[in-house]
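Starting off, we have a lone chain in the form predicted alone, written out as structure tokens.
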């Protein structure tokens, strides 16, 4: 089995691994954010009282990096308003009133040529116009990742590790629709001009491994990964499968690799062979507060409240609602927030569950070194948290705090109860803000110098 150095074994809580994917009926209204990706937010191209069809473009990026947004139901634009995202940033939201008809946009058409005749540029455009972003949680625009790897990457890796506790959406996708992952991989291979690809699956999914090996052609190799967190991080995946380490500040394409999530690949299959943009995704709904944990294919823009109600509602009061896995997901403050392209799971966890294994004593570093031993990035989290708590940002930067992937392995293994990764996030945000301010100052000085030169030349 393939593995990497460091990491940790976490309790899995894969309660829904035998729960088939269900299709949730669209709720009466959906609220679709115009920013569901890394990059510039979209500008709405519809207005209140417009009628929209399923799959119709409702948000477009005017310039820069980004992904278009499409209607996940047919109906009427009720209103467009600004709401706060989970990170506290204002974002425009298009609220659609569902007519229940699911009238498809006339632009939903499969690619008109056989896959073998498609050019790289055509495939990139199909993916861009379908609004596909990384569905493992990173939400980086898929077309941009693919475009940047063409001519540079010699190895395509499909990430089916799904190492976070609770989440089983990709596992069910592999069992129920393996052909979508395999044929989506073929689309990417055609764009990249590659003759082989690797699909990495953790060994806690033997049924998925066996099925993929049965269905996949010989040029797509199914690799068994040792179950260990965070095996799904692209850096650990590249090291496990290829023995390659990613230098700081570099992208996987710079060392000949490109990696896509399993559900992202399935969305590419939909876009190429059916012409369907990204309007729905599979979400694992779980936690000890959920009445009926399930894997649900849900229209984007559905509220957490509607989704959890579909899954039996809450059977006790949750202390935390988490978008994503418990290790790297984000705690949510608004129960009416929307499912987006990056929502792999929604977890409702009680106070008893959240406090399980926690000491009532104040947190303190006991110098045990577990965080250093388990860090998959080979950093020294004990030093980083020390610098962060003392606001020694330059020292934190010197110890490579920006290389931290915020996987949470250090906090999970800390017997002193230190919230290490939270302090590291503060340090990284502070350093980024200082770097942005420095760039703005340099740009202003450069502009001022040019103005002075132009003025002297006129004189």
Partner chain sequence: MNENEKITPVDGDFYGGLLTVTPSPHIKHTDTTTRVMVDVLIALAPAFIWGIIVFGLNAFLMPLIAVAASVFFEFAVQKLLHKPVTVGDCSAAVTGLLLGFNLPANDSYFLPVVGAAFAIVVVKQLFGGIGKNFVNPALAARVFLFLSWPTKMAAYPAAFDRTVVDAVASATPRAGGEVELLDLFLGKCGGSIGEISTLLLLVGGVYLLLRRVITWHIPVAYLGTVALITFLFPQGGGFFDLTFMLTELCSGGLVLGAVFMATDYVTSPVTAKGRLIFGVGCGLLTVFFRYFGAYPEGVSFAILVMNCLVWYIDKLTRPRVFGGARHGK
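Because the structure is a prediction, the values reported are computed rather than measured. Positions refer to the first chain, counted from 1.
From this point on, the text means the form predicted in complex with its partner chain, which you will not see here.
Colleague: With its partner chain left out of view, which of 115, 242, 175, 368 would have a heavy atom within 4.5 Å of it in the predicted complex?
Modeller: Answer to the contact question: 368.
Colleague: So which of 322, 220, 144, 212 reaches within 4.5 angstroms of its partner chain in the predicted complex, heavy atom to heavy atom?
Modeller: That would be 322.
Colleague: So, residue 61 and its partner chain: in the predicted complex, are they within 4.5 Å at any heavy atom pair?
Modeller: Looking in the predicted complex, residue contacts with its partner chain do not include residue 61, since no heavy atom lies within 4.5 Å.
Colleague: Is there a non-hydrogen atom of residue 47 within 4.5 angstroms of a non-hydrogen atom of its partner chain in the predicted complex?
Modeller: So residue 47 does not count as contacting its partner chain.
Colleague: Just to confirm, residue 236 within 4.5 Å of its partner chain in the predicted complex by heavy atoms?
Modeller: Yes, residue 236 sits close enough to its partner chain in the predicted complex that at least one of its heavy atoms falls within 4.5 Å.
Colleague: Heavy atom to heavy atom, is residue 415 within 4.5 Å of its partner chain in the predicted complex?
Modeller: It does: once its partner chain is placed as it appears in the predicted complex, residue 415 has a heavy atom within 4.5 Å of it.
Colleague: Within 4.5 Å, heavy atoms only, one stretch in 36-44, 393-401, 49-57, 65-73 touches its partner chain in the predicted complex. Which?
Modeller: Result for this chain: 393-401.
Colleague: Could you pull out the residues of 291-307 that have any heavy atom within 4.5 Å of its partner chain in the predicted complex?
Modeller: Heavy-atom contacts to its partner chain in the predicted complex: only 305.
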